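Coming up is one lone chain in structure tokens, specifically the form predicted on its own.
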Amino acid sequence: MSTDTTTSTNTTTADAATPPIDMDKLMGFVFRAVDEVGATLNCALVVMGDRLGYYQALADHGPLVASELARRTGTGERYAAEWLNAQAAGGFVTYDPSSLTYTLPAEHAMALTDPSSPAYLPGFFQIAFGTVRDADRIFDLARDGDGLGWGEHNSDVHIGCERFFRPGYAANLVGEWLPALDGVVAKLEGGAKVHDLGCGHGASTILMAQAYPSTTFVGSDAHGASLDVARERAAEAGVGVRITWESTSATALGGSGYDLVTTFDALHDMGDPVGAARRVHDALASDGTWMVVEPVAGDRVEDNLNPVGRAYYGFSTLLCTPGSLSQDVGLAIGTQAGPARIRDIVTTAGFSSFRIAATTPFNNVFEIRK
């Protein structure tokens, strides 16, 4: 009798603790998941459209039927047709059933075919595509908390990274970000000494060198293959003679007396950002400035629960955190560290002045001084 009563009580308690299933909410989540799968596949489809010239052909010659798109791009018609239908279903192109034609809207064309536009997106998709390609390696490493270095990723990660960030730098660096720093532009115009720390393919270094011909630059990065690209790009831009490239870790930054040190979207990737900040502090002139550009973020998790934060948390999990964990110290502050965490890092390193100098939908720009 006692056993039966206990069983009955436990069952009642369990039933009371289990909320009833709302079938509308369940199916709403299921269809949202279907949309997520479509978005995941579309990442590859956007890279495909960029690489095969589908978007450019639509921008230059649209509206087009599938056979004409295939002809203009030298690709198979069945691939072009299915790609177009997927793009139409996702709202990237529009479809006219009366003429069987597909159109790339002008606004979408700017985002998908114009590298000079600050809204240019193919690089964003390319780095995401490359990141997902390497994700199975991260799954295994995550079990033990191990990392994967930046140089160990496939080329879509490296190329996509530059293609994503470069339009934003081109739109903002010279016209908005540097002028937002106290007294820096006057130094650059008069002839300054600048170190671009974590320069990657050198997009930021080259933009500054083109804008300030009296200034000399050092671009450093731990990934030697990226610096090979940077050298080529600098030579093509006609500024190679004023840029010295150094393959070194952030904590081994060379030189001293710099008027400006810049770090673009790289501090959170460093294994030892505090050590790097100490080295920057020592390398700066007494009145020098460190400009740190980081992914836009708030200080609390709830501040970042939005589409941009979601993308950055994804990159943080699969790309940036593993990169930091692969290095000495492996602090792994994450892509959404927020201003308070950055301030803590630089003040720990000895800096006394810290402020947000500018913001964009994708970046925070910090001015840091001794």
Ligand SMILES: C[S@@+](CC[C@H](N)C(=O)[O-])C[C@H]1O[C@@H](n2cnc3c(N)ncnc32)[C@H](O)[C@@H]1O
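Treat the numbers as computed from the prediction; the structure is a model and nothing was measured. Start at 1 with the first residue shown and count on from there.
We do not show the form predicted together with the ligand, though everything after this point is about it.
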Query - S249: touches the ligand in the model of the complex, heavy atom cutoff 4.5 angstroms - result: yes
Query raised in the report: Looking at the partner-bound form in the model of the complex, is G288 within 4.5 Å of the ligand by any heavy atom?
Result: no
Query - Touches the ligand in the model of the complex: N304 (any heavy atom, 4.5 Å) - result: no
Query raised in the report: Taking heavy atoms only, is H108 within 4.5 angstroms of the ligand in the model of the complex?
Result: no
Report task. Please determine, with the chain shown alone, which of 117 to 125, 260 to 268, 186 to 194, 86 to 94 has non-hydrogen atoms within 4.5 Å of the ligand in the model of the complex. Result -> 260 to 268
Report summary line: Assert contact residue (the ligand, in the model of the complex, non-hydrogen atom within 4.5 Å, options W177, Y102, W150, F217) equals W150
Query raised in the report: Which one of R72, H223, R233, R278 is close to the ligand in the model of the complex, taking close to mean a heavy atom within 4.5 Å?
Result: H223
Query raised in the report: Since the partner is left out here, which residues of 180 to 202 would have a heavy atom within 4.5 Å of the ligand in the model of the complex?
Result: G198, C199, G200
